[in-house]
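In structure tokens, one chain follows: the form predicted alone.
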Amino acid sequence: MFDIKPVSDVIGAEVSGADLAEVDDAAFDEIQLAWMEHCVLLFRDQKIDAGELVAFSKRFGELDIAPPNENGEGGFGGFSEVLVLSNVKENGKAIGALGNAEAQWHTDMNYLDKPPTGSVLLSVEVPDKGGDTGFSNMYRALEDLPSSIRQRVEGLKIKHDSSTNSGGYLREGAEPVTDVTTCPGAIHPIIRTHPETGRKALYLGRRRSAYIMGMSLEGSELLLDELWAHASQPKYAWHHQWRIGDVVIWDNRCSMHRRDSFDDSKRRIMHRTQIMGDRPF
């Protein structure tokens, strides 16, 4: 039904011929299979509104309610599931979340007991340069992990700090972390099993204030540094250059992502939905 072509040797595929405003069951089945194979899917030239974005996203599962932006507001266009990601300010007030931040590799909301399955991101306005989004294959990173390190991490779990978001901002009501061994957050296995493909992937979350359970602080820091140095190698990643009307969906269970820097005087507006997930195992 569609033309599906890999966008790199390691992760991602572009799906041509799809109108996400009109996806029937047969079309969705093909999209779902491609998503499981490629971890990240790109759809160009989509002309969809907030309601159509929500309707398409709901085919993958129940959606999270978008958290409030830094301005205290949530949702967009009457849809509480849509989060606005933007650096734009109108009348001195931010219209979206994260601004010009979020430039580090991470998975979304790993501090939750049940992190999201994945996210759907629509580009509304993009700068002419910068602001690209990178995606990294954590299946491949685990497959290439040196046996000496893999033997050390088998069965180990990371506590994922919940005090800050991916942009490094302290969450409302949270206290600054002074001891990562006692910080708040969910605990998940370093090697997780994808519930649909059955494949295993590295699951690191984000580096800030992470702690490997049962280890000394020094030992945890050293091992985390090794894991991140390995997982963040460019050979595992593809960076997408956004155009208006692009929709990208990524699998939070087997990939990491990051946004490249851009000139904060340039406008960038994205609309995101998140698919609710299950407890990693």
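Predicted model only: the values in this text are computed from it and were never measured. A residue's number is simply how far along the shown sequence it sits, counting from 1.
If you look for the form predicted in complex with succinic acid (SIN), you will not find it shown, but the lines that follow are about it.
Proximity to succinic acid (SIN) in the predicted bound form, taken as heavy atoms within 4.5 Å, picks out 103-111 from the listed stretches 87-95, 151-159, 194-202, 103-111. When succinic acid (SIN) is considered in the predicted bound form, only one residue from 228, 238, 242, 60 comes within 4.5 Å through any heavy atom, namely 242. Put simply, of 209, 117, 164, 133 only one has a heavy atom within 4.5 Å of succinic acid (SIN) in the predicted bound form, and it is 133. In the predicted bound form, succinic acid (SIN) lies within 4.5 Å of some heavy atom of residue 250.
Interface membership of residue 186, defined by any non-hydrogen atom within 4.5 Å of succinic acid (SIN) in the predicted bound form, is ruled out.
For residue 121, a non-hydrogen atom is located within 4.5 Å of succinic acid (SIN) in the predicted bound form, even though that partner is not displayed. In the predicted bound form, the residues of 254-268 lying within 4.5 Å of succinic acid (SIN) by at least one heavy atom are, in order, 257, 259, 268.
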